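Shown next as structure tokens: one chain only, the form predicted alone.
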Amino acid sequence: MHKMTMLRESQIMKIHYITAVGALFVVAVHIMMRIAVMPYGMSLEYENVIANYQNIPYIVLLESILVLVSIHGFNGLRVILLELRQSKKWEDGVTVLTIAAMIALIAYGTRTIILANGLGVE
């Protein structure tokens, strides 16, 4: 039973490392797009920000950043919290809470992307 827990944790850490590399890549692409398209100050103007949400490749990029950084960040928080206490009940509770928070953040961020794109006009 203990060996399965170690395997499970090693798989979780592989996901942690993969999401770190993925996040570095998509954030680098995001920054390069911001620099290449227009001056930084102009890119923050309301009309330009909204225009970004109408560009499908850019939407995919933003959603990728949201998902990868959320998974990586909440798993990092989970690892830190697991260092505070060592019990099965604590581990299970921390895991459930961090997964729930991660899902909530991704859902809220995705909702924001959809609303900014004008797809979910209220």
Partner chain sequence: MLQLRGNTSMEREVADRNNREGMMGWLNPRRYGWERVSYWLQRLTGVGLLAYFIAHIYETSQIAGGPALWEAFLELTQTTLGHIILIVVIGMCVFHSANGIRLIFAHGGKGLGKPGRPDYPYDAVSLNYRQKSGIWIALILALVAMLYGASVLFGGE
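Positions refer to the first chain, counted from 1. Take the two forms, superpose them, and find the largest set of C-alpha atoms that agree within 1.5 Å; that set is the rigid core. Computed from a prediction, not measured in an experiment: that's the story for all the values here.
The following text describes the form predicted together with the partner chain, which does not appear among the structures shown.
- The closest heavy atom approach of Q54 to the partner chain in the predicted complex falls outside 4.5 Å.
- Using a 4.5 Å cutoff between non-hydrogen atoms, L105 counts as a contact of the partner chain in the predicted complex.
- Taking the partner from elsewhere, I65 is found to have a heavy atom lying within 4.5 Å of the partner chain in the predicted complex.
- The partner chain in the predicted complex comes within 4.5 Å of no heavy atom belonging to A100.
- Only one of the listed residues (L77, M33, V26, I59) places a non-hydrogen atom within 4.5 angstroms of the partner chain in the predicted complex, and that residue is L77.
- Contact annotation for 39-66: residues with any non-hydrogen atom within 4.5 angstroms of the partner chain in the predicted complex are Y40, L44, E45, Y46, V49, I50, Y53, I65, L66, listed in sequence order.
- Relative to the superposed core, N48 undergoes a Cα shift smaller than 2 Å between the shown form and the other one.
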